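There is one chain below, alone, in structure tokens, taken in the form predicted alone.
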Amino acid sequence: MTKVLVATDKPFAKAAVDGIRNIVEGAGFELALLEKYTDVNDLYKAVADVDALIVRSDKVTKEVIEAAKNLKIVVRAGAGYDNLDLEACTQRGIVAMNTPGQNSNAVAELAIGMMIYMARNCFNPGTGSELKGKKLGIHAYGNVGKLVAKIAKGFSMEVYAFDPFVTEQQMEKEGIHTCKTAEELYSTCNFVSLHIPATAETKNSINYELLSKMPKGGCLINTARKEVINEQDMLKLLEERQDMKYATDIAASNQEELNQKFGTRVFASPKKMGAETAEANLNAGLASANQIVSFIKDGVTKFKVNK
């Protein structure tokens, strides 16, 4: 019998686990759970005899892959998949997938919430500003970026985007002003909402040179990945530009220093909150289970992320 393991240091909500169980067992498979584990050796033991694996932010390393002798597919319940060792998966012939779009609305709403929070001095006394009429830049116009743009239009913001993988015609059709370069986006917009993945090309790419182009009172919102920010450059920029603000869903390595030096000009959520809604939790969990069933039964690899 095909065995599916849900291995989550930070567990799914009960409704999501129940839904996953219904899908997996309804397909005639066996479901196993490993939740709130604190020792990676527990994960090594749990994957030893499974055919499929569902994780959230748990790291599926080369060592995990080596321990999983029967593994055929691993699904990361979420959009980002930098916690999966894709090379190790490929070498073993294991299909790696993500669940794009399932957390998108939750992340988009958080990005807008962060904009309001920063515009209103982190809800401290004092005169803030409104989002209405401000220029918002979307850096990467994917599932989340499109939703941020849609919500922002409801606030009467003027929306711009830069994404070399999306055509100018498509963005303009959706009422988005297109920018041909990241530099153009940052120099134009009062707020920039960051949605790029962490890749070899993007890590540390949000640097001093780029950020310094933002207009007076500019604010960067990061609900993407910590690694794309050049943290020393961010520190330098905030020191030099007393008008700049930065809010992130992924605390910087030097976040304590940023907090002490810049007060309400910076904000970091205590843990990554982008997908922390009941709806996103359920959507991603059910999508993971459905993708595994489709792959095992019919060989469907629609959301495969490795070669």
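Keep in mind the model is a prediction, meaning the values are calculated, not measured. Throughout, we count residues from 1 along the sequence that is shown.
One more form of this protein should be noted, the form predicted in complex with a small molecule, which is absent from this view; the next part is about it.
The partner is absent here; in the model of the complex, the one residue of Ala247, Ala275, Val47, Val60 having a heavy atom within 4.5 Å of the small molecule is Ala275. For the residues Cys189, Val74, Ala77, Val148, the 4.5 Å heavy atom test against the small molecule in the model of the complex is passed only by Ala77. Heavy atoms within 4.5 Å of the small molecule in the model of the complex are found in one stretch of 125-133, 156-164, 78-86, 171-179, which is 78-86. For the three residues Lys10, Arg56 and Arg225, a heavy atom within 4.5 Å of the small molecule turns up in the model of the complex in every case.
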